[in-house]
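In the block that follows, a single chain appears as structure tokens, in the form predicted alone.
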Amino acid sequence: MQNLSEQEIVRRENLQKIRELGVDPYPPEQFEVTALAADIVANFEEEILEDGKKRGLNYQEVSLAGRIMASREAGKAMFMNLQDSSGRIQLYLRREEICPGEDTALFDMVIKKLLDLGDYVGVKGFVFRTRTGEVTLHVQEFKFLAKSIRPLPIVKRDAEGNVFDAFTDPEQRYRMRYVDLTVNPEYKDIFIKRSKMLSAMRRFFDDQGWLEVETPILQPIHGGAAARPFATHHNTLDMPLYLRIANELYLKRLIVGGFDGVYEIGKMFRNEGMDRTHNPEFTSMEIYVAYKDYNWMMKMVEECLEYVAKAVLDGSTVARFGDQEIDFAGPYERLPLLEGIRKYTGKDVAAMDEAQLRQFCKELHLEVEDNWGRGKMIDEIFGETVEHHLIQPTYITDYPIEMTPLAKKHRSQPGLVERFELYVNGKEIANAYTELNDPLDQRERFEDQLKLRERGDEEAMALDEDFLRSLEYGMPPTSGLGIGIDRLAMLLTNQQTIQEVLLFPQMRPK
């Protein structure tokens, strides 16, 4: 049994009364919209006639639809505020125009008494400017479109734009994003910019002739990253499946198959912790281009992110993030990983064995698990001592081989691989390699990962025999890149938590 508040009961009663008056509160036919509120307010023009009266030059016949967000009576007339997807506009309604005959029930009962804030309506009329200077739609036709039977939070704004009784609790906002976007319409801009970001990235790749593809989300073997997967079971096949943690191995198969460049923008899933920069499902872009290496990829990333930033930031490459100004114009600083640790700690971790690394982690008060190998400990040391220094876009390059089983060995530095990660404002937003295309070397790396898994490392990669078989047919020299779309969106929209750039972030059950 649903427990209803007093307001919810009243709204349900209003709904029934509207139906009894012969008005359909949820009509089936479409309502033709010809203009948006924000465009009307911004572009309205008028002229002064010889008798001193004013006449609107545009928007003589317009049709709008949206929610009623405020209402007040003025004798036989009413003023309302209508909010559509673009913004708000004032409405002016007169009884004799809405109900020109003797039957005034639509105005006197439905509009004046049974219409509630949050209800959807469609209106037609002409635009004018009131004596107080407010652009207003003079309504000549009115139609009910959808009744709201649950009241919205009342957010008040005064003439100076100050907000009172705001709907600001983050947990409520994320759980009820539909309410958040209605009463806090300014947050729509975050998701409009996110959409522009994705469109610009696709446009940049498409202009190079690279192909957007789709790869499996349900995978028999979780691979392409070091992460704990979500597991499920397929009943018909009677086999375990995993939500993908990465799409890397499938995209590389397509390079083997003869495509010169492929990319995919899609959801990844990792059964790990949640915090300000992590969500169990997240959006990633991965791209693989044949006959390239990680040096070429660094230049391409600079060109791509500069292009994307300009598309989102109205031609600028500078994004404000908190107190920082982040400039996405290249070139970016390049700093080898081991050199970065030495720069900020004075220690040469490259010369340390596993026991010495454990001791160093202890000195840094890092909790180290018994199953961790050298790569995992170096990664933790780097995260603790270096990451927070990397504010402007910086490439961290040349990782120890233990940290990256899918990257090619460095061409001049033994024990390292040709890999870079892009850090901005202390967080990694991109990861790239010169891809390992030697099938025998790749098999040995996978076998090393199996040894780590036997020691209890649940994030170690699984051995994918089909992927190894594809490499045995031959993969050309290739460079690959992954970009964390959510983190990039945070930077370009000045948001401090990943939940703000996800329309529906994962939440704990109530």
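In this text, the rigid core denotes the largest set of C-alpha atoms whose superposition between the two forms falls within 1.5 Å. Start at 1 with the first residue shown and count on from there. If you're wondering where the values come from, they're calculated on a predicted model, not measured in any experiment.
If you look for the form predicted in complex with the RNA, you will not find it shown, but the lines that follow are about it.
S.K.: Counting non-hydrogen atoms within 4.5 angstroms of the RNA in the model of the complex, say which of G75, P414, G101, G258 makes the cut.
M.R.: The option sitting close enough to the partner is G75.
S.K.: Just give me the single entry in E325, D438, D206, E96 that has a non-hydrogen atom within 4.5 angstroms of the RNA in the model of the complex.
M.R.: Among E325, D438, D206, E96, a heavy atom within 4.5 Å of the RNA in the model of the complex occurs only for E96.
S.K.: Look up in the model of the complex whether N235 has a non-hydrogen atom within 4.5 angstroms of the RNA, and give yes or no.
M.R.: Taking the distances in the model of the complex, the answer for N235 is no, it never comes within 4.5 Å of the RNA.
S.K.: Even though the RNA is not shown here, does T497 get within 4.5 Å of it in the model of the complex, heavy atoms only?
M.R.: Yes, contact at 4.5 Å.
S.K.: Are any of the heavy atoms in G315 no more than 4.5 Å from a heavy atom of the RNA in the model of the complex?
M.R.: No, G315 sits far enough from the RNA in the model of the complex that none of its heavy atoms falls within 4.5 Å.
S.K.: Applying a 4.5 Å heavy atom distance criterion, does H389 contact the RNA in the model of the complex?
M.R.: Output for H389 is no: heavy atoms all beyond 4.5 Å of the RNA.
S.K.: Would you point out which of 307-315, 372-380, 330-338, 286-294 contains residues with a non-hydrogen atom within 4.5 Å of the RNA in the model of the complex?
M.R.: Result of the contact check: 372-380.
S.K.: Is the RNA in the model of the complex near all of Y92, T130 and E459, within 4.5 Å of a heavy atom of each?
M.R.: Each of the three qualifies.
S.K.: Sequence order please: the residues of 4-30 with a heavy atom within 4.5 Å of the RNA in the model of the complex.
M.R.: The stretch touches the partner through S5, E6, Q7, V10, N14.
S.K.: Any chance the CA of V135 moves 2 angstroms or more between the shown form and the other one, core superposed?
M.R.: Superposed on the core, V135 moves its C-alpha less than 2 Å between the shown form and the other one.
S.K.: Answer yes if the Cα of I192 shifts by 2 angstroms or more between the shown form and the other one on a rigid-core superposition, and no otherwise.
M.R.: For I192, whose C-alpha is compared between the shown form and the other one after core superposition, the shift is less than 2 Å.
S.K.: Determine, after fitting the two forms on their core, whether T104 shows a C-alpha shift of 2 Å or more between the shown form and the other one.
M.R.: After core superposition, the C-alpha of T104 moves 2 Å or more between the shown form and the other one.
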